[in-house]
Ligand SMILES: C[S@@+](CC[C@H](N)C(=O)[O-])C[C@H]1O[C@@H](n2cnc3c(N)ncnc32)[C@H](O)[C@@H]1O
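In the block that follows, a single chain appears as structure tokens, in the form predicted on its own.
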């Protein structure tokens, strides 16, 4: 790839220590490829190692990931209004239940947990426990620091988990930008049918190789449209349904919410989406080369929300709604929350107040505009009982598209 066409050409290069770290992870992955019978490692396993290999994977190691100094920014870091909208809807559900817990899956920097706890305290609807399932020791430490600094009086309500609770949960399960980081298989339609795309080795470099799909992948491919053209590439998450069904079984009574970028199946596997949705993120640059600097960049794939709906309704949960992030936040009270900050106090307004109003307006635009996060990010909700519905779906529910 020429420098003119390289999206990382103007990115700060990794430091020598970071490159050495990546090389250690590359050696681990290469050893696993060499240990296979055919020199082909499923892309889902490659992605799992690149992101989660203990001490070496992107989410397991110590490099900064979130915010301006990291590789990408999530909605809770853009504005506390995002988390406050979620908190107010969680408060509705906790009130209906008469109490309960909140379980956040993969809490990132801890900002969302801090803002939600602060808002729930204001509403007098604090959960009995705020549980965080976090497998990364580095992220867990950062979350603890964030909560201790921002809401020290509430930090004792937070408990970190290494695995899902053994006892049924009563309350709310939240997953913001979690599903897109689950390992996926990659496939390509050839002149003779589907091929699974895998990681192979060309000397010391990773390369793409292919093989016949196994039975489980073949069954998943049968759900795709038959009109997809030769050369069509895409992703399939064959591990999604079992993982979601385990979560559904753990939710004894309450509601579940997922926020991520994705599409219904008919749009996800559209014939014109020729190259799939896999994206890598490094220093706020997006590109499509997953072999580059393993362990130093994020690897994601968009979410098939039809698959999410099928898995959780098959597990016995009721589909509560599906909509865009913009409609969910507006339906959940974003305008009311932002109203005070955006109101004009008149001639006596200070320079700091002006800056704050401008900042809030910019935050709302990033969260809701179609050209920002408003349309690309979707929200899907489930509940064990219709009485535990999320009010954010009241403005516009697109569940019929799933």
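A quick note: this is a predicted structure, and the numbers were derived from the prediction, not measured. Numbering follows the first chain given and starts at 1.
Keep in mind the form predicted together with the named molecule is missing from the figure; the text below concerns it.
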Kindly confirm or deny that 104, 178 and 182 each have some heavy atom within 4.5 angstroms of the named molecule in the predicted bound form.
yes
The single option of 241, 123, 135, 201 touching the named molecule in the predicted bound form, heavy atom within 4.5 Å
135
Contact residue in the predicted bound form, chosen from 310, 208, 289, 77 - any heavy atom within 4.5 Å of the named molecule:
77
Classify residue 332 as contacting or not contacting the named molecule in the predicted bound form by the rule of any non-hydrogen atom within 4.5 angstroms, answering yes or no.
no
Is residue 256 part of the interface with the named molecule in the predicted bound form - any heavy atom within 4.5 Å?
no
Does residue 108 make contact with the named molecule in the predicted bound form, using a 4.5 Å heavy atom cut-off?
yes
Residue 158, heavy atom within 4.5 angstroms of the named molecule in the predicted bound form:
no
Just one of 278 to 286, 218 to 226, 169 to 177, 310 to 318 has heavy atoms within 4.5 Å of the named molecule in the predicted bound form; which?
169 to 177
